[in-house]
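Only one chain is shown below, in structure tokens, and it's the form predicted on its own.
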Amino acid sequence: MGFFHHKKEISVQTIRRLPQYLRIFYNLHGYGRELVSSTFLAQETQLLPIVIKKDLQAVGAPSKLRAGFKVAGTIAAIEKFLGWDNLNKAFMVGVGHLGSALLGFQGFKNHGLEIVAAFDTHPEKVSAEVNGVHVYHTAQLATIIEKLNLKIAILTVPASAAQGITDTLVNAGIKAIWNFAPVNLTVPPDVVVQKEDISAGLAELCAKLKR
């Protein structure tokens, strides 16, 4: 499998399935397994073996003829494709209940995201440390973004403040925003926004429960 494929050709569905594979491969690696078949992966994921094969081949996962995929090599291939082999430095805007909870979540590091700064306007929060992360005043956003060369923003501010902050972030050169605020953000076409709609997820859960 040469690296002749381009990331653009890989579907969003494939990209969304990769972390699921990675979890299974991490577990297998922990048990010392060196090879794993797509049939085994199909049982673990409830996906069709052909889908799994296509997904893993698309990211250049090394396999052995009829023996399956090499565990260590596949981990490296997926991590490289997702950019998780080099920690992406992110920062958080809004250190309320949700923001503080996310700052305490160690799982980000396993997925290649390191939160190196946080911002808030609350006098009690500014200059303090929350879960080991320094909190700056929101007025310093542009300065700190440039100083630390940051690229990814996590937005956990109230809906009313979200668009104003987003404009500041875009002007400061931010290209990726993970939005936890319950509002649709307006950004230029070259800025990626991933919206985490907690209320929509909750509504879906309750609807499923009723059925």
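Throughout, rigid core stands for the largest set of C-alpha atoms superposing within 1.5 Å between the two forms. Numbers for residues come from their place in the sequence shown, where the first is 1. Everything numeric in this text was worked out from a predicted model, so none of it was measured.
The discussion below concerns the form predicted together with another copy of the chain, not included here.
Chemist: Tell me which stretch of 118-126, 68-76, 104-112, 133-141 has a heavy atom within 4.5 angstroms of another copy of the chain in the model of the complex.
Modeler: It is 104-112 that comes within 4.5 Å of the partner.
Chemist: Is residue 54 close enough to touch another copy of the chain in the model of the complex, meaning at least one heavy atom pair within 4.5 Å?
Modeler: Outside the cut-off, so no.
Chemist: Any of the heavy atoms of residue 170 lying within 4.5 Å of another copy of the chain in the model of the complex?
Modeler: No, no contact at 4.5 Å.
Chemist: Residue 80: heavy atom within 4.5 Å of another copy of the chain in the model of the complex?
Modeler: Looking in the model of the complex, residue contacts with another copy of the chain include residue 80, since a heavy atom lies within 4.5 Å.
Chemist: Examine residue 37 and determine whether its closest non-hydrogen atom to another copy of the chain in the model of the complex is within 4.5 angstroms.
Modeler: Looking in the model of the complex, residue contacts with another copy of the chain do not include residue 37, since no heavy atom lies within 4.5 Å.
Chemist: Non-hydrogen atoms within 4.5 angstroms of another copy of the chain in the model of the complex: do 15, 98 and 201 all have one?
Modeler: Verified in the model of the complex; spot residues all in contact, yes.
Chemist: Would you give me the residues of 187-202 that have any heavy atom within 4.5 Å of another copy of the chain in the model of the complex, in order from first to last?
Modeler: Counting only heavy atoms within 4.5 Å of another copy of the chain in the model of the complex, the contacting residues of 187-202 are 192, 193, 194, 195, 196, 197, 198, 199, 200, 201, 202.
Chemist: After fitting the rigid core, is the C-alpha of residue 186 off by 2 Å or more between this form and the one not shown?
Modeler: Shift of 2 Å or more: no.
Chemist: Is the C-alpha displacement of residue 143 equal to or greater than 2 Å between this form and the one not shown once the rigid core has been superposed?
Modeler: Superposed on the core, residue 143 moves its C-alpha less than 2 Å between this form and the one not shown.
Chemist: Honestly, after the rigid core fit, is residue 42 moving at least 2 Å at Cα between this form and the one not shown?
Modeler: Result for residue 42: yes, a 2 Å-plus shift.
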